[in-house]
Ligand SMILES: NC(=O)c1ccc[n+]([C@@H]2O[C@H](COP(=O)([O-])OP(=O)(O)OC[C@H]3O[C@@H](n4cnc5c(N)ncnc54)[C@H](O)[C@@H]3O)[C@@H](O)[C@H]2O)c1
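Take a look at this single chain in structure tokens; it is the form predicted alone.
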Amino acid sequence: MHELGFIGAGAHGCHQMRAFAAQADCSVRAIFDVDSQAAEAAGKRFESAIVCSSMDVLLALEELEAVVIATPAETHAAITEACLKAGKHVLIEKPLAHDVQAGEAILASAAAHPELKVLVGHAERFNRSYIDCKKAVSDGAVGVPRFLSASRLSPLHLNDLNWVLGPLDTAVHDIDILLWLIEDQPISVTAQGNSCRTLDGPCDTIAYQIEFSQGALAQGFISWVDFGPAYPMPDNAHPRLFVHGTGGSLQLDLWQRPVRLDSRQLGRNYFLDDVLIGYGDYPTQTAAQAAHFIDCLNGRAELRCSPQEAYRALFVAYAAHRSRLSGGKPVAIDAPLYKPSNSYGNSQ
């Protein structure tokens, strides 16, 4: 039985608790939140859980094998370091951190404890639609990808306008997917944004473009929208993806029939999915992610999103943030950001 602790008992933390509690060989053993009322409320839902008075108390529990961190991004570096020093495996909610320096600190902590698993919760990598897209691109169905476009909306009330990255905190989902699909070195990022709710309010909408070393281009759009009574998110978030390559194109629309492939390479066009409406909602993805984390702990799987991969998405998002603040000037990425890995595609 895998006994887990949870730091953070807000909406995402409780989603994670439910996902892990549903695993046959897993127990929600301990909960801590700086908001003691939130922790107590979560504790009432899980009879096996101890509600801890501090993070130190939680980490001192010898029976805990791993900890799920579902706290604001600016706290991730310090909490991750404490968990790893206590000998706990870690799952960190995305984004990896709130800025590049904190992301580097997490990489250093993970490198100092190579015996421990550190998974970053980029949940879209567990969405069947995106998995279909990844396999189609990796199999060469669109030839060499040359242009990619991603977009999504996010309900304003689920976000914080004071976050360092602002809307790019949510766009990290798409940036991670774009980097995952293109498997090439980003060399330049540009971004512009404004407020669509008022003429002079905080930025809630951003368009960005990523240039890659082999000439491919990727663009993205993110907006925090005040949906009001039109919520829930599945009816409004509407994530989309378009991939155009030398041998065909691919379109994803999560809230219609999700993935359509038009492949000259294969000489056919068809839907990759086996359902007529969107699939891969957040609870489904979180459950798949929880199962994957347990598989990693059991040695049955390699990390689907390592800290290094999550750092790449954060690095590009922060470059877009810097470009937006400069009025859209290009930000060069001259650091050796990453070496592409095909291990995920080979494990499916």
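Start at 1 and count along the sequence shown; that's the residue number. Here the structure is a predicted model, which is why all the values come from computation and not from measurement.
Unshown form predicted together with the ligand; subsequent notes refer to it.
Visitor: Mind telling me which stretch in 106-114, 214-222, 132-140, 76-84 gets its heavy atoms within 4.5 Å of the ligand in the model of the complex?
Guide: In short, 76-84.
Visitor: Give a yes or no for residue 72: in the model of the complex, does one of its heavy atoms lie within 4.5 Å of a heavy atom belonging to the ligand?
Guide: Yes, contact at 4.5 Å.
Visitor: Could you tell me if residue 35 has a non-hydrogen atom within 4.5 Å of the ligand in the model of the complex?
Guide: Residue 35: yes, in contact with the ligand in the model of the complex.
Visitor: Closest heavy atom of residue 8 to the ligand in the model of the complex, within 4.5 Å or not?
Guide: Although the ligand is absent here, residue 8 would touch it in the model of the complex, with heavy atoms inside 4.5 Å.
Visitor: Does at least one non-hydrogen atom of residue 242 fall within 4.5 angstroms of the ligand in the model of the complex?
Guide: Residue 242: no contact with the ligand in the model of the complex.
Visitor: Pick from 204, 183, 93, 99: which residue has any heavy atom within 4.5 angstroms of the ligand in the model of the complex?
Guide: Flagged contact: 93.
Visitor: For the three residues 125, 291 and 307, verify that every one has a non-hydrogen atom within 4.5 Å of the ligand in the model of the complex; reply yes or no.
Guide: No, because 125, 291 and 307 lack any heavy atom that approaches the ligand to within 4.5 Å in the model of the complex.
Visitor: Taking the ligand in the model of the complex, which residues of 297-323 have any heavy atom within 4.5 Å of it?
Guide: The stretch does not touch the partner at all.
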